[in-house]
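Consider the single chain below, provided in structure tokens and representing the form predicted alone.
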Amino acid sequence: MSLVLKFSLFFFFLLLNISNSFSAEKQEKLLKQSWSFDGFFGKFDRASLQRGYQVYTEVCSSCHSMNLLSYRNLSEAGGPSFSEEEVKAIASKVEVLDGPNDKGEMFRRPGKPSDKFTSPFPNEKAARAANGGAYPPDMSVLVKARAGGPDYIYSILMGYDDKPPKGIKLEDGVYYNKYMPGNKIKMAQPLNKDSVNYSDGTLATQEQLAKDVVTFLTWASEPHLEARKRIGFKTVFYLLILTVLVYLVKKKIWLSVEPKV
């Protein structure tokens, strides 16, 4: 490699590091939360999952779909732990487009546990038309799709400010959010105190609403998180035992070998 090329690469990486450092300084630090599902032995808080589903249903589902989830998932192991009867009741409250029938016509019927979560819009163009040109992303894997995961989504929900800093001009239908890249977002603040009347009597503060819905969205993104952690623990435990056995076998074999003088 020539000397000129070496110097060129050196200055390229130097400028790249300077640029990254500058961006990091400008980026607002995310709000860190203590999530029950964090860590090697972390688990989802079942009550929080059920409250989070209520927040999604009453607030988020008017704009955001969850096309990868079926209602039956709500009763599966590792999830919100709704009973099968509760899931049937939940699904029956929505109308699903089905068909064609014997006459070749589409029709609407009450939902069933096997149905996918209903979408608020029939297609992307309808969604954009109803939201000023912005397309509300599907929330099925939203937490995994965003850098920062649950802390990022929580920060966005808590990051609205009616008084943006000087120098930031907001267009009509645009809102200031200090955690959003660029600090501008077309979604109005979705959560406020008492936006939802929790069925379990929990005080519905903005922080509680945000934490519960993020917990639910994290489960939606990783429905097998608890099972994966259990398998990981068993695997590590198995490998530890195997390591000890291999060491003992090795020690016994080499004890029978006489050292050469």
Ligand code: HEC
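Because the structure is predicted, anything quoted here is derived from the model rather than measured. One rule holds for the numbers: they count along the sequence shown, beginning at 1.
Beyond the structure shown, there is the form predicted in complex with this ligand, which is absent from this document and is the topic of what follows.
In summary, the region of this chain contacting this ligand in the predicted complex, judged by heavy atoms within 4.5 Å and restricted to 199-207, 224-232, 58-66, 41-49, corresponds to 58-66. None of 190, 148, 159, 78 but one reaches within 4.5 angstroms of this ligand in the predicted complex through a heavy atom, and that residue is 190.
Only one of 165, 110, 137, 100 lies close to this ligand in the predicted complex, with a heavy atom inside 4.5 Å, and it is 137. Using a 4.5 Å cutoff between non-hydrogen atoms, residue 131 counts as a contact of this ligand in the predicted complex. In the predicted complex, at least one heavy atom of residue 186 sits within 4.5 Å of this ligand.
In the predicted complex, this ligand sits beyond 4.5 Å of every heavy atom of residue 90.
With a 4.5 Å cutoff on heavy atoms, residue 74 does not count as touching this ligand in the predicted complex; it lies far away. Residues of 89-110 placing a heavy atom within 4.5 Å of this ligand in the predicted complex: none.
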